[in-house]
Every structure is written in C-alpha cells, then in structure tokens.
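Take a look at this single chain in structure tokens; it is the form predicted on its own.
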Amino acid sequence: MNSRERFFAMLDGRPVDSLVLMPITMMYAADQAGVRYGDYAADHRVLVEAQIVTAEKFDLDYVSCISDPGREAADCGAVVKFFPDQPPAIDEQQARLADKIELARLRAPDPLGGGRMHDRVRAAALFKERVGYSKVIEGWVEGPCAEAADLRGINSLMMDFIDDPAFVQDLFAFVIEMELRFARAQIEAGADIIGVGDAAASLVGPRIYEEIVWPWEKRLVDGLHALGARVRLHICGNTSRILDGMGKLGCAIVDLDLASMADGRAKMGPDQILLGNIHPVHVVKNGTPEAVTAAIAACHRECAPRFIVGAGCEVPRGTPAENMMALTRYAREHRP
C-alpha cells in the first residue's frame, strides 16, 4: 500500500496496512531541505522540494501546501512583513480593515492573479506532477475566524463580536466566498484534501462559537465538500469548550492541539477521525524517542481505531530526527 492508497482506505473505513502519518511540517521541512524559510514561504518550488524531501525521509503519507496564514490577507492588500528565515507576519498595527467601512470596498482577490494565493495553487500543481500518485496532496485555506482576524486584527475582531456582530457576519461572508474560490483553484490544480486553519476560533467562548463562528465554519466545510474535497480541520490552542461543535462540522479529519484526545473521542463519537496530539515542544522537540513513542501510543489507545499519527500542532524547528523517526516507526508498526 502506498501512502495515497493508505490514506483513502483509512478515510473510507477499509483495511490498511498501518496507521496514517500526517504531522504538520513547515519550518522543520525547510530545515530538512537546507533552505531559508523566507524562500520556502515565497516560492512554491522551494516549498514543494522541501516537503518532498521531508516526506521521503520520514515516510510521511502526505505533502502540504501550507506555509503561513498570510496569503489571502496579503492578496487583499494587508501589510505583511517578510523575513529571511522566519514566517511572514501580518502587521496588525496596519490592519487592512482597521476601518470597517473598507469592507464594503474590498473585493475578493483572484486566486490565479499572480499573488501569494496563486503561488500556493502552483504548489498544488507541482505536487500533482511530482508525487500525485503516491502521496496525498493537502491544500490549505484559512477559516472564517482566523481570516477575519488577519484582516481586521485579532483584538478588534474580539471586540466586534460584542460591539458589532452584524459587521462580523458580513466579514465572515466575504471570507467564505474568498476561501471557496481559493480552495477550488487548489483542488483543480491537484489538491486531494483541504486543510482549514481557524486558530482564532479557540479564543472565543462556546456561546460565540456556537452562535456566530460555527455556522460559517459549517458553510465553508459544506462548500468544500461540494467541490469534491475532503476536509481537515485544525484549530490551534485549547478547544476543549468547543469540541461538540467541531465534531458536528462533518470534517473527515479533526486535529486536536491542547484538548484531550479522550474528550475529543467522547464528544465527537466513534466515527470521527482524530489526529494528534502529543505536545510539539515538550515531547516532540524536547523529549526522547521513548517519550514520543509512549505519548503517541497513549493517543492511539484513546482514539482507536479512527486515528492518525501527528503532533498537536506544527513540528518545531530543531526537533531531533530520531524523535521524528519514533513517530514514523510507531505509525508503520501499528494498525488502527
């Protein structure tokens, strides 16, 4: 079974030869290929090569177009700062929608218009050419809460939930339209699955999540399904208070970061595939191979059989190769 066959068999509930292995690697992948992260985030060719090098070295089952959350915002005109060997950063002091009136004038960028979104689409196409029949290709879009925070500024958005919920609804509607266009372009280029990163959603309370955020996440997930894509949801941080809603979105895969895997299984039921969730720094980077093995085995026990091996969030730069290999060995030596 190759990685692509294993992944789709797992999703469809068919027998597989081993667990699926899908840790997020970005800066770690750049380091494996010996390239600067600024180049990784700016040039799809560098990203693709680094992802393939890392996937082959550690026998990962997928490659990913993810690099940073600033692609959509940059193409919307946000001020994004670039660095030689660090991820790009959105300048919230000059938020694109610091003035809410600007939303009425903002138009969704063309994902094939030559900007940063287009570079990600080109990554999906190059992955299709290079590994499309052996590895799963993951595209990526921002979720409604995360992208709204990128455009408006995280602090302003959190106040808007209370002070101007109608504006938040309008902003989310803009985001969903833009992200579905972006996802369509990636799918048509070769992406098999679309990751949705909605980190800011972990910062709102359960009432705001259920009443405002969740309905728009659901529209995004349903729209991605209509495009023919499987969906992976990744919400960084402690999502313990919103696990019920996350499980009702209908995503093929739900990543858990700081929430308990046992709670995730209890709240989301036996059919939801869960990914994670050993601590990226304390265990993956700073632990021993034995500690990594013990931690991922505990996750497996809590989540079997619908379980994918990975860390809670991105594998940190500086993680020892032997710790990554511990993840690989566990995945290849175990079945669901």
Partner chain sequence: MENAKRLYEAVLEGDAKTARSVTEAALAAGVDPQKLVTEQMIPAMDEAGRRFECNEFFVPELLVSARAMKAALELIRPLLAARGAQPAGRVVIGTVKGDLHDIGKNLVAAMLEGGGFEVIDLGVDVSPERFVATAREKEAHLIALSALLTTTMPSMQATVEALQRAGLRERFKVMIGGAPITQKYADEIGADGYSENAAGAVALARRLSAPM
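As the structure is a prediction and not an experimental result, all values here were calculated from the model. Residue numbers count along the first chain shown, from 1.
From this point on, the text means the form predicted together with its partner chain, which you will not see here.
Enquirer: Can you work out whether Val281 and its partner chain are in contact in the predicted complex, taking contact to mean some heavy atom pair no more than 4.5 Å apart?
Expert: Yes, Val281 sits close enough to its partner chain in the predicted complex that at least one of its heavy atoms falls within 4.5 Å.
Enquirer: How about Gly205: is it within 4.5 Å of its partner chain in the predicted complex, going by heavy atoms?
Expert: Yes.
Enquirer: How about Ile90: is it within 4.5 Å of its partner chain in the predicted complex, going by heavy atoms?
Expert: Yes, Ile90 lies within 4.5 Å of its partner chain in the predicted complex.
Enquirer: With the partner left out here, check for me: in the predicted complex, does some heavy atom of Gln86 sit within 4.5 Å of its partner chain?
Expert: Although its partner chain is absent here, Gln86 would touch it in the predicted complex, with heavy atoms inside 4.5 Å.
Enquirer: Within 4.5 angstroms, counting heavy atoms, which one of the listed stretches 109-117, 122-130, 246-254, 78-86 is next to its partner chain in the predicted complex?
Expert: It is 78-86 that comes within 4.5 Å of the partner.
Enquirer: Flag this candidate site as yes only if Arg181, Ala185 and Leu233 all have a heavy atom within 4.5 Å of its partner chain in the predicted complex; otherwise mark no.
Expert: No, none of Arg181, Ala185 and Leu233 comes within 4.5 Å of its partner chain in the predicted complex.
Enquirer: Please pick, from Leu227, Ile176, Met158, Ile212, the one residue with any non-hydrogen atom lying within 4.5 angstroms of its partner chain in the predicted complex.
Expert: Here the answer is residue option Met158.
Enquirer: Which pick from Val309, Val46, Met27, Ala295 sits with a heavy atom within 4.5 Å of its partner chain in the predicted complex?
Expert: Answer to the contact question: Met27.
Enquirer: What residues of 306-329, in sequence order, lie within 4.5 Å of its partner chain in the predicted complex by heavy atom?
Expert: Counting only heavy atoms within 4.5 Å of its partner chain in the predicted complex, the contacting residues of 306-329 are Pro316, Arg317.
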